[in-house]
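A single chain, nothing else alongside it, follows as structure tokens in the form predicted alone.
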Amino acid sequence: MQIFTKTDNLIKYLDDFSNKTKGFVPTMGALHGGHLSLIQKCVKENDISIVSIFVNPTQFLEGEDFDKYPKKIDADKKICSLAGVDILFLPSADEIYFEDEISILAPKIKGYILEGHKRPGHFNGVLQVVLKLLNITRADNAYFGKKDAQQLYLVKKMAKELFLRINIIECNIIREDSGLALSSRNSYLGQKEKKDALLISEALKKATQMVAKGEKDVSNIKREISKILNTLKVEYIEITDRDFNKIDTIEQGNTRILIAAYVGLTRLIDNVEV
């Protein structure tokens, strides 16, 4: 596995692989089983596999957990090496950002709902760094998890509307046996908090069961979800179509159910498609 910290060095190195298919997995590190599933798919489907680890400062708002975001670089290197990754990119912020930059802006509507409502400008930073990383790696295929559903939607939208020659590959959420969606921020949770966090996946499971039994009324489903989550600080419970438009009636095969809630001081998100 080759490790690069300098953007120019990576770009020059990749010039030798112009005739190879390149897959890319962008991460912020503290790798877990969810990341590993993306990495393994990337390694399997491409001649050259690239993973980046970069805690992107521009997607964190003031007061968020940028400074304490979990960092496990030695363990991350080992995970990537054992998974068969060819290239690991570990840039500093100075390698990615410049003074007085040209900016990429998230869409004014879809970038400022749900995750973007309480975190205005978050998706500007996400799209900015993803576009840079895609250009640096010149990947043919890039792999993103469905847990960050709105992020995935906006990355796909950016790729389409900026005519990027890349395939954005959607990958399923990986969960613990308990149902808890894997997340780097799960490391913040104490034993009791981890148990409390299971209410989120429990609520999504209940909603899925209701839909399977024929419930179509969005307000009824949201009411049942709220009952399950009543001991948590809920930021939002939303039900939309796959394009993040609000709906009043479940559209089988075209619906997302999304939750953001605090477990103690830790903000967690999860979602399910029905």
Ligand code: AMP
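The first residue of the sequence shown is number 1, and the count goes up from there. Since this is a predicted model, take the numbers as computed values, not measurements.
Separately, the form predicted in complex with this ligand exists; it is not shown, and the next lines address it.
Trainee: Identify, from the list L198, L131, L189, I173, the residue with a heavy atom within 4.5 Å of this ligand in the predicted bound form.
Mentor: Answer to the contact question: I173.
Trainee: Picking from 146 to 154, 159 to 167, 106 to 114, 83 to 91, which part of the chain touches this ligand in the predicted bound form when contact means heavy atoms within 4.5 Å?
Mentor: Within 4.5 Å of the partner lies stretch 146 to 154.
Trainee: Thinking of L204, Y236 and L265 as the candidate spot, does this ligand come within 4.5 Å of a heavy atom on all of them in the predicted bound form?
Mentor: No residue of the spot touches this ligand in the predicted bound form.
Trainee: Determine whether any heavy atom of L182 comes within 4.5 Å of a heavy atom of this ligand in the predicted bound form, and answer yes or no.
Mentor: Flag for L182 set to yes.
Trainee: Should H32 be counted as a contact of this ligand in the predicted bound form, where contact means heavy atoms within 4.5 Å?
Mentor: Residue-level check for H32: yes, a contact with this ligand.
Trainee: Is T240 one of the residues lying within 4.5 Å of this ligand in the predicted bound form, judged by heavy atom distances?
Mentor: Although this ligand is absent here, T240 would stay clear of it in the predicted bound form, with no heavy atoms inside 4.5 Å.
Trainee: My question is simply whether I228 lines the interface with this ligand in the predicted bound form - judged by any non-hydrogen atom within 4.5 Å.
Mentor: Close contact is absent here: in the predicted bound form, I228 is far from this ligand, nothing within 4.5 Å, heavy atoms only.
Trainee: Would you give me the residues of 65 to 82 that have any heavy atom within 4.5 Å of this ligand in the predicted bound form, in order from first to last?
Mentor: The stretch touches the partner through Y69 alone.
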